[in-house]
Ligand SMILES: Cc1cc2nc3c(=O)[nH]c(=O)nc-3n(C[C@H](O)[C@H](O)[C@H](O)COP(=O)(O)OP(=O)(O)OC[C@H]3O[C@@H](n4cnc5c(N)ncnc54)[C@H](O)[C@@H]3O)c2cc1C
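The chain below stands alone, shown as structure tokens; this is the form predicted on its own.
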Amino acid sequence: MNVLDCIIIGGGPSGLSASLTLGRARRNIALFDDGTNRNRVTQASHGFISRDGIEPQAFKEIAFKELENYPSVSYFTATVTEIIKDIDNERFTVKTSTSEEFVSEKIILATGIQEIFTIPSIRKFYGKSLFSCPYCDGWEQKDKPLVVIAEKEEHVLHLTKLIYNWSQDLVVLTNGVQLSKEGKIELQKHNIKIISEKIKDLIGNDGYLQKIEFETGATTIRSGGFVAPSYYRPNQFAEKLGCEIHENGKVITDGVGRTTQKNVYIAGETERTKPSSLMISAAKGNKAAVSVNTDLTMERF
């Protein structure tokens, strides 16, 4: 079996960027992606210069087309199910959902993160009229009657202050959580309504929000808004490979993608379990790839 220079797990902006950098560095790599990217539910991606407003799948297709220029890059549509390391982390065996096995000297984890919503019906609107990032979707929601749904005071205040820049027609929903007196005053001085009642359901058609119904039977009319989900890694590859992880969930690195485990690198949202823009994730993929190429170069020279 041929031993690859690097296997990249995850075909989001960080994994694609890393693949491009390593392909241009003439490294033999394999990229695995199973199409579960977090931004797949949105209609358009924003903030990536020269690609502002592009549909996420179109973004990926352009990237895959560019990778075809580099024959040392192989792409596989498959879920990685297991990564087995040898005793000294010199080789990694990667197993996939298609029952294939690949061996590589180095691994880049770029599998991203996924959202958790305490209100299940948010999923019906997420990506069309409810969003999590104002930098990504605030412009399209400007001056509309919006809702901010968050259940921790720090998230409520941070997100509401940001959204106020795009629309001042805001209603804040805390889903049963009471804000502090200071928190309420801070929002109410800008005429922002706060509703702390428990949310029963979100109502609308084809992903577009129309109103929110509360357990009391009351409703509020809104056309869209922003939510503050919690996030998690969809796998435990970092933990199983022995990467050191901070108590806040962040994988500890040297700042350019190297984890505390030899030959294991990480890129994009996977590292922090927090969301980031396409631009930042792509930059982190580039940094991790440069680290991989630098290490291969120094080890073999």
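Not measured: the values here are computed from a predicted model. Numbers follow the displayed sequence, beginning with 1.
Quick note: we don't show the form predicted in complex with this ligand, though the next part is all about it.
- The closest heavy atom approach of residue 286 to this ligand in the predicted complex falls outside 4.5 Å.
- Residue contact check for residue 277: one or more of its heavy atoms lie within 4.5 Å of this ligand in the predicted complex.
- In the predicted complex, at least one heavy atom of residue 281 sits within 4.5 Å of a heavy atom of this ligand.
- When this ligand is considered in the predicted complex, residue 127 lines it closely, a heavy atom lying within 4.5 Å.
- Although this ligand is omitted here, in the predicted complex none of 150, 179 and 210 has a heavy atom within 4.5 Å of it.
- Stretch-level contact check against this ligand in the predicted complex with heavy atoms at 4.5 Å: of 241-249, 34-42, 258-266, 65-73, the positive one is 34-42.
- Of the candidates 195, 187, 78, 122, 78 is the one whose heavy atoms come within 4.5 Å of this ligand in the predicted complex; the others do not.
- Residues from 115-143 that approach this ligand in the predicted complex with a non-hydrogen atom closer than or equal to 4.5 Å are 115, 126, 127, 136, 137, in the order they occur in the chain.
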